[in-house]
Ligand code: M6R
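Given as structure tokens, the chain that follows is alone and in the form predicted alone.
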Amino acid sequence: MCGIFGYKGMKNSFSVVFNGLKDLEYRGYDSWGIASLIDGEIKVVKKTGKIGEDFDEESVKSSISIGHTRWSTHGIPSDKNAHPHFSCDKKIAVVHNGIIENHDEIRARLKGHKFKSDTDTEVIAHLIEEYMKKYDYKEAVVKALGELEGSFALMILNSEREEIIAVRRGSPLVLGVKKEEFFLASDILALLRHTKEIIFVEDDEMVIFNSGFKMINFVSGEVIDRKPEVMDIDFNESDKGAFSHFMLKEIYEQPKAIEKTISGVNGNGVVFQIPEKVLSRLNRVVIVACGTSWHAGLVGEYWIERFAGIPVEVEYASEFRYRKPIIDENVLLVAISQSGETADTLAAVKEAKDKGAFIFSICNVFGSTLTRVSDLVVYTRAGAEIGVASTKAFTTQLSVLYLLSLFFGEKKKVLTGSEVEKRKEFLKKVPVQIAEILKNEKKVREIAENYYLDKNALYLGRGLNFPIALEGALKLKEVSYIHAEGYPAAEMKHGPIALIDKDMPVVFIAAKDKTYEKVMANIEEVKSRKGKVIALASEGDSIVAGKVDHVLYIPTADHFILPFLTVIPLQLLAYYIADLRGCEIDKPRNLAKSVTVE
């Protein structure tokens, strides 16, 4: 969950890496560090806190540097635990994304080595140093790699060599090439300001660059000849523009993002070309995801079962493989991940693939690990999402799931072709409807001003809007640090109602659908106990306005389209509450955008 960046070339490498880490800061921001090779000596800068605070990026001059922005796993945020980490003789410097699971065992074995940090990473530098007593440098690196258990993307600098060695196993690593310049990063986004010629490094591969670059498999020794791919991605998408925060910008980008997703699916006849042999034997769909993507999966479960009559299970990817899931060739596994690098989702995919399932992935990042291990990929085309709290990724994931459910419905002859087209038309109206909701931004802020000092909140919904209650509560927790829980509205009576009093705000999703009367009864139950109620209601509903403290309206829409609309005010509410509380909205404490460790 950390970010790493390396550079060798004609420019000042420290400045290039420094700015590369800024582009990666959403992956980790409790500390940062850069090691630069200068006149046969490795110079290091390590700091706790945000990248670049009170530091002049041009104060160090070098042609070769490696850097790291940290999200702590082992050891508290501190200067000593910040990367890079060194061997005893200071000749080897290492930056690392991942977790070395057997670091305690290695540390105990390295007698005579003096460790300066509490991290798992530091053992790597000392282990290489130890092997260099018997082997040359590159062989010592390979020997050390052979002992590491866990996941890692590493960059290694040797004070005696004008080169960087980088390796990957289980954590993302991308190489960028531009004439006589070479870049390495844990995320393609950080490379795009420099080059669009990209090589995706695979597991057990090593990249060495000095005057040029070469790649080998460090297990087999096989030389790898892989040509760069040209990425048609706009780096400027990662600019906040006139918005105060990326989160707000990305909330406002949802109409266009959804349009791009719909166009990408409808305009590409091969998008849902699942082989007929898979469709003919398909008896179950299993969706695996984490966090916000898991909530999207829950909505997808409703749609697929309703439109196609196929049984669906939605699993936390982090739990999936620990209970020996019953998966075979009759299962289609849908993996959902914004980044395509979520470690738990990748592990779930491997488990399912080993058992014969067809892997269909929904992802936002071209070339990510998930997209390379899947049988079929649909890209959400949401564009770069920098804010840690996912917004446009969620609604574009919903767009793909909705269209996939219609595809299944027609294939299974549950829906006719005309019914499918009618429901696609409902989806096409969504961008305009979201734009209408966004016009009420001021009203959302006014409501936020009444609740930003509260310490707890409940979010309640039924049917398709139960997952939206979960998502609304998650957004509030992520960016404002207010404790919030989402529940099915009917479950309130089975425990949470004990929390209701005058100090407990309750957000109800009360849009007009088949659960409306039931939700209204639940609202009465809260109000009779002096709870404060914020309701999301369908346009023109005057009844709900008379029963609650505050109401936010959404356009009237088909019941199955409501999740696209009800989530928008909840995203805005979380944003404005966090803003009023003075929170670090785009970089919430303890969170990172891409969870690349288990």
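In this text, all values refer to a predicted model and were calculated from it rather than measured experimentally. Numbering starts at 1 and follows the sequence shown.
Keep in mind the form predicted in complex with the ligand is missing from the figure; the text below concerns it.
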In the predicted complex, the one of 478, 250, 120, 187 near the ligand [non-hydrogen atom within 4.5 angstroms]: 478
Heavy atom within 4.5 Å of the ligand in the predicted complex - the one residue of 98, 291, 472, 300 that qualifies: 291
Region of this chain that lies against the ligand in the predicted complex, out of 447 to 455, 187 to 195, 381 to 389, 165 to 173 [heavy atom, 4.5 Å]: 381 to 389
Residue 465: touches the ligand in the predicted complex, heavy atom cutoff 4.5 angstroms: no
is_contact(residue 342, the ligand) in the predicted complex, heavy atom dist at most 4.5 Å: yes
4.5 Å heavy atom contact, residue 399 to the ligand in the predicted complex: no
